[in-house]
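As a starting point, one isolated chain is supplied in structure tokens, in the form predicted on its own.
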């Protein structure tokens, strides 16, 4: 396929049309090849093809407000292959941006997608990053995303990982963040696993500045023989830092789920809470839905869909 055909195939696998609006920045990357880049004022993106992957640098200039969400499309159309992405993102003081990143592997049998990301959110800047995955029926994807983020004073960062279509495959997520004074961090992940999917998530956040706030939220549903292991660590070491860890996992059939919430407080004026719940669908909810005409499978699917539905959309 040529570049235009690959771009079309990537978006079609997402059930979408190619981005054509001139005021919407977008980047398309297939495997380790950059297919296209379109920018808007205030946003700089450089993508360099390497022999073993792609290096992407994103910079949002001081005070720039990128009004439309930036679209980034990563993917591989063939059944097998390797995609390695190194991504450095820097928001200068007072900047604001939302990125919708779509990762699509619709025909995957044997694919590796490895992402190493570094994020710097400058003073008073705001960054929203929604990463949405679409996989095929075979579950032949191995995902290894690793992110290190630093939030300066009064900065805001929200990351949202979503994998609801296709088999998850083998996932190993490792996110780490350090938060300075009055910054706000939100990390969320929603994943549906089935078959022999393996899901591992480790999120680690350090509220190192006074009045810093952080929330780690994970919602997982595993069915059939799928397995999930969630480890969320939240540390507060400054006065008036506040944090919460929330992990919910639904288990069906022969699936197995583990949850390890770790909270650590190193200052007498800091406060961190946690909540973890693992089990089958709520029996009262199930009975209520079945009394309204749904069979057990339909009611279960609806409850799981509600668990995995995002509480936040937009900016």
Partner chain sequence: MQSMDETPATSVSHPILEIDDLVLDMGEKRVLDHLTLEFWPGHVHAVIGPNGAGKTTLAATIMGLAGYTQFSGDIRFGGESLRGLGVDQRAARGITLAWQEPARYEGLTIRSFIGAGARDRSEAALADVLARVGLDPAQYLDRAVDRTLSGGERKRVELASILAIEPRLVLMDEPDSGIDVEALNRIFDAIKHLKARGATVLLITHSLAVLRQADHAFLICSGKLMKKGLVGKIEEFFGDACLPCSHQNEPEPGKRDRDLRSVAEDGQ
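Positions refer to the first chain, counted from 1. These numbers were taken from a predicted model, which means no experiment stands behind them.
Just so it is clear, the following notes concern the form predicted in complex with the partner chain, a form of the same protein that is not shown.
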property: Answer range among 286 to 294, 260 to 268, 35 to 43, 49 to 57 for contact with the partner chain, defined in the model of the complex as heavy atoms within 4.5 Å; result: 286 to 294
property: Partner contact for residue 302 in the model of the complex: the partner chain, 4.5 angstroms, heavy atom; result: yes
property: Close approach of residue 306 to the partner chain in the model of the complex, 4.5 Å, heavy atom; result: yes
property: In the model of the complex, residue 274 touching the partner chain (heavy atom, 4.5 Å); result: no
